[in-house]
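The chain below stands alone and is given as structure tokens, in the form predicted on its own.
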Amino acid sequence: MGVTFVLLAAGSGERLGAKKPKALLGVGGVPMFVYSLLQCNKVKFLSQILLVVPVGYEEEFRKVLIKYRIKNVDKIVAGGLRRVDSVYNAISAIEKSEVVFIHDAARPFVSSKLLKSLFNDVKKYSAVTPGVPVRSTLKSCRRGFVEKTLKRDGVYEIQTPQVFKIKLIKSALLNFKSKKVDFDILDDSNLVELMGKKVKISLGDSLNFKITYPDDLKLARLIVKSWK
């Protein structure tokens, strides 16, 4: 079974106040996108890895790969204006695969254990996403005031990598593109949901959080520091 791992590293890092792509920001002195690629080395089922980067930064990412002796990246693909465009570019660059993992470089602490678990699940289901049950109390608010307290039962915080049979995600992308909408999707499994298809929830990992705001970056750096 051909399996491709797509690492999305085309984010701008605007919410972090960064002057360069988010994936190039250091976490423990190492660009955050490197961590996911190192975990990919620990599994045997991946046949191809694609790295999606912002247009114009291809050479900068190549230099990082050389510096850290990362040899498992097969292709560097230019990202698009929106997430869905970046995913579309990546999927279009895949030639021979039955399964695709789509992961955010901004989640540097994905584990090889999670990768293996998701791979086992996608053998049974065509679309799988990791998620962790929501622990905090949730409230729906309007204009700064609580409207309603929501039940946590069955509510998950969704993570990546999300894994798909490639025929399904291709169809879902083409379905979305055909509508010619100007909004971005919330995540890749959202594309499948829009087709009326089911997405399997697989238990995620609380350490697999996304670096979006400055406090997230601080936490990530503290975690790496604790490893030393």
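We call the rigid core whatever largest set of C-alpha positions still superposes within 1.5 Å between the two forms. Residue indices: 1-based, along the sequence shown. Only a predicted model underlies this, so the values are computations on that prediction, with no experimental measurement involved.
Keep in mind the form predicted in complex with a small molecule is missing from the figure; the text below concerns it.
The candidate spot formed by 93, 127 and 170 is out of contact with the small molecule in the predicted bound form: none of the three has a heavy atom within 4.5 Å. Using a 4.5 angstroms limit between non-hydrogen atoms, residue 80 touches the small molecule in the predicted bound form.
At a distance threshold of 4.5 angstroms between non-hydrogen atoms, residue 106 is in contact with the small molecule in the predicted bound form. Contact check for residue 206: no non-hydrogen atom falls within 4.5 Å of the small molecule in the predicted bound form. Using a 4.5 angstroms limit between non-hydrogen atoms, residue 14 touches the small molecule in the predicted bound form.
Note on the interface: of 83-91, 135-143, 148-156, 118-126, the segment with non-hydrogen atoms within 4.5 angstroms of the small molecule in the predicted bound form is 83-91. After superposing the rigid core, the Cα of residue 184 is displaced by 2 Å or more between the shown form and the other one.
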